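In structure tokens, the next block holds one chain alone, the form predicted alone.
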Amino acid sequence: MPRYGMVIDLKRCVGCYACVMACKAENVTPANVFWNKVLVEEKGAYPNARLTFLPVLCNHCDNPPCETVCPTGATYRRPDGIVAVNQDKCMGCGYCVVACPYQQRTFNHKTAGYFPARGLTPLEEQGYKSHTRGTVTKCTLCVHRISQGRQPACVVACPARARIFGDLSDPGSEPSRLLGRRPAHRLLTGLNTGPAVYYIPE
């Protein structure tokens, strides 16, 4: 059984937001709901100031706190490591939103479009069918694409190939080989959540 995960090379990330937009387009998430984000930080001082970028998404943890606190079993971890939400079981209590130390869950208050005065666009009408109002939503690692043998949309869209997706349990996979050659870290490892997203530092 694979263990899906991702390696993000921060040396390659240029903060273009292609991953953010590709995720929005692929998953048609409601207005102001982002499953992929890029955190921007300014470092240094003039004339040596520069921006650094940290792309973040659900870490699809080995020990996800969001699953532990879910009272209905809506949040579950698949055998391939992907942490998913069963929208039919989610009652919108929001415990998982609070429990996620990576702040990668969003409560879907409403399914308003980006142009409320004009109603939903045809894309929004179609895409919003997969987002249940009053439930919690998060990155699925594009499981629908993976099941078709394709890469997540954020990985495909990255022009710098900063995102490498694959089976972390396969020592011959591209992310495993990359982790074998380059030092990498995960976020908040002290919490023992076992994130499946690795970062190669700048």
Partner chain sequence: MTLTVQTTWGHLVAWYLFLAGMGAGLYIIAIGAKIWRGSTAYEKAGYYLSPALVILGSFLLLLDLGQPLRAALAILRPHSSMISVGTLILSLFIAVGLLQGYLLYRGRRLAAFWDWAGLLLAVGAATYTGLLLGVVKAIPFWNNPLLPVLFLVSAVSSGAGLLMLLPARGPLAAGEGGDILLPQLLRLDTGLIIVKAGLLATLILIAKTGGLAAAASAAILLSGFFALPFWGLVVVAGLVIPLALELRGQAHAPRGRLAAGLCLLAGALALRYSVVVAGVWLPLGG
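Keep in mind the model is a prediction, meaning the values are calculated, not measured. Numbering follows the first chain given and starts at 1.
Although it is not shown, the form predicted together with the partner chain is what the next lines describe.
Contact with the partner chain in the predicted complex, judged by any heavy atom within 4.5 Å, is made by just one of G73, P79, P116, P122: G73. With the partner omitted from this view, the residue of L178, A25, L191, C16 that lies near the partner chain in the predicted complex is L191 [heavy atom within 4.5 Å]. Contact check for T132: a heavy atom falls within 4.5 Å of the partner chain in the predicted complex. Contact annotation: V83 falls outside 4.5 Å of the partner chain in the predicted complex, judged by heavy atom distances.
Proximity of R50 to the partner chain in the predicted complex falls outside the 4.5 Å heavy atom cutoff. Heavy atoms of G127 never reach within 4.5 Å of the partner chain in the predicted complex, leaving it off the interface. Using a 4.5 angstroms heavy atom cutoff to the partner chain in the predicted complex, none of V20, A112 and R150 count as contacting.
Annotated contact segment (heavy atom within 4.5 Å of the partner chain in the predicted complex): 41-49, selected among 25-33, 155-163, 141-149, 41-49. With contact defined as any non-hydrogen atom lying within 4.5 angstroms of the partner chain in the predicted complex, the contacting residues in 66-98 are T68, V69, C70, P71, T72, G73, Q87, D88, K89, C90, M91, G92, C93, G94, Y95, V97, V98, given in sequence order.
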